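Take a look at this single chain in structure tokens; it is the form predicted alone.
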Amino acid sequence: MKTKIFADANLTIGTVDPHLYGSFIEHLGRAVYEGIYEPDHPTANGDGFRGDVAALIKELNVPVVRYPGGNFLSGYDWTDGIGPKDKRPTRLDLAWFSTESNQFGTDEFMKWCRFAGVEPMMAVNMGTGTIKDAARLVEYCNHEGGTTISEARKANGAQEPYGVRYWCIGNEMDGPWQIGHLTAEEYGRKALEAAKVMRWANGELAEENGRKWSGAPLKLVVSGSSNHEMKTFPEWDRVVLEHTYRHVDYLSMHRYYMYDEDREHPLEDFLGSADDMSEYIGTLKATIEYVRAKLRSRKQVKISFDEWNIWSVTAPRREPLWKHAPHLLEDVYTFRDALVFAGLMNTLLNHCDVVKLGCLAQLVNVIAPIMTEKGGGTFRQTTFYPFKAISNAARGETARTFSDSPVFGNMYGTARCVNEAVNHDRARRTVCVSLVNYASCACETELELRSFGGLKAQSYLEMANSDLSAVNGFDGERVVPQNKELPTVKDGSRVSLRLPPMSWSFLTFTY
């Protein structure tokens, strides 16, 4: 099999926002407790945060983390998680049928963000919560002082406001599984009013009154469709945006992919996930543009892809109901998963003109790249490595690529055998190329990278394995990228590669 991929530095899709490489921590399973927070762990600091986990998060170069949910959010009272720990209530978590001790809450999360070197992305409850609850959480986090709520933050140990910029207005409110599920019309109206009072609590003035914003404005994310298989998609997104367009900055989208052996062509369907994600983003982008045109607005609302990953949602529950920090959704990712995962990351990069925020769901233990053992060690999942390489190198702009890759059929239609993304960082004078070969045979690949300057190969990583089901574990990491011999760059722009069957390759060049 052969393919040629062409890219030119003058033909770009858009600029990659570093927030595209964000992640997500929810009060679900062992994501918080025994994940990022374990006071008795040998590596824990004085606040109970695991140092070994923080080190791995820094390896991933995650800039922002969304919290506290997720489905958990829609039944969560944020006031349960502040104040003296011995006085905090223990509650039933109706989203995940667990017990929540509230020993980790808003103030702990803010401290952890500083410890881990990430920016907080908070979410407000639009299920059982009210717009007043949302405004007061903003006040607690961002108001300097002098009010009962802001003084409570000071009493809880934070004299200075947290200055949280990014806020999600609810979570998956289109889903019947959501606590307090709403129709698009109901949610759109509620989200509009929440956005207004959240901005007012932040000291921002209403544009409708002919006044300018004062202070640093919030970046608000309104809940879009939970996935594109919802019967309400994309009508839900249209209705919600028509209510909220002038008051929000992002529309959220969520999507998980799985390997389903019960399908007629399970492998082909799974390998086609990246192209399906691209179609989903394209439809949502068109919906945003339709609403913008209808409202005669010059404002550009972007996409926050704040939940995405591979998830074996059919995995049975392994813990009894109402347990605290149960082992839930602890998928162990295969080499096959890593290949699809890399393609999904390529898709995000190839839509960086509209997708400006991303949150890999989740970060630790729960469908996560990092796994921990209580009181013990950690290991990097197979998906850890594509995320690490791409998040650290794929910055600047995404170049538009042209490819003659063969295609294969699947449940979504067709998908490319070779999936690619090319990024150009002018500040660092680097170009990186991410390539996934989904074919069962090797692919002779010609790269033509024009107008970038005289390129020199800097690094070449490759993940290949004859066992698609190979995994990493506490007993060892068997699926890791290998350093390959650097390829020759002809005429400063042309590179010949042989991509192994079922492989991910990642190259960086300097000029």
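This is a predicted model, so every value here is computed, not measured. Start at 1 with the first residue shown and count on from there.
In what follows, reference is made to the form predicted together with ligand AHR, a form of this protein that is not presented.
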property	result
Listed range touching ligand AHR, judged in the predicted bound form by heavy atoms within 4.5 Å, from 483-491, 498-506, 18-26, 5-13	18-26
Partner-contacting position among Q362, T244, N419, T383 - heavy atom within 4.5 Å of ligand AHR in the predicted bound form	Q362
Proximity to ligand AHR in the predicted bound form, single hit among F379, Y412, Y256, Y259 (heavy atom within 4.5 Å)	Y256
is_contact(W96, ligand AHR) in the predicted bound form, heavy atom dist at most 4.5 Å	yes
In the predicted bound form, L344 touching ligand AHR (heavy atom, 4.5 Å)	no
Proximity of A134 to ligand AHR in the predicted bound form, heavy atoms at 4.5 Å	no
Heavy atom of N171 within 4.5 Å of ligand AHR in the predicted bound form	yes
Stretch 55-90: residues contacting ligand AHR in the predicted bound form, 4.5 Å heavy atom cut-off	G70, N71
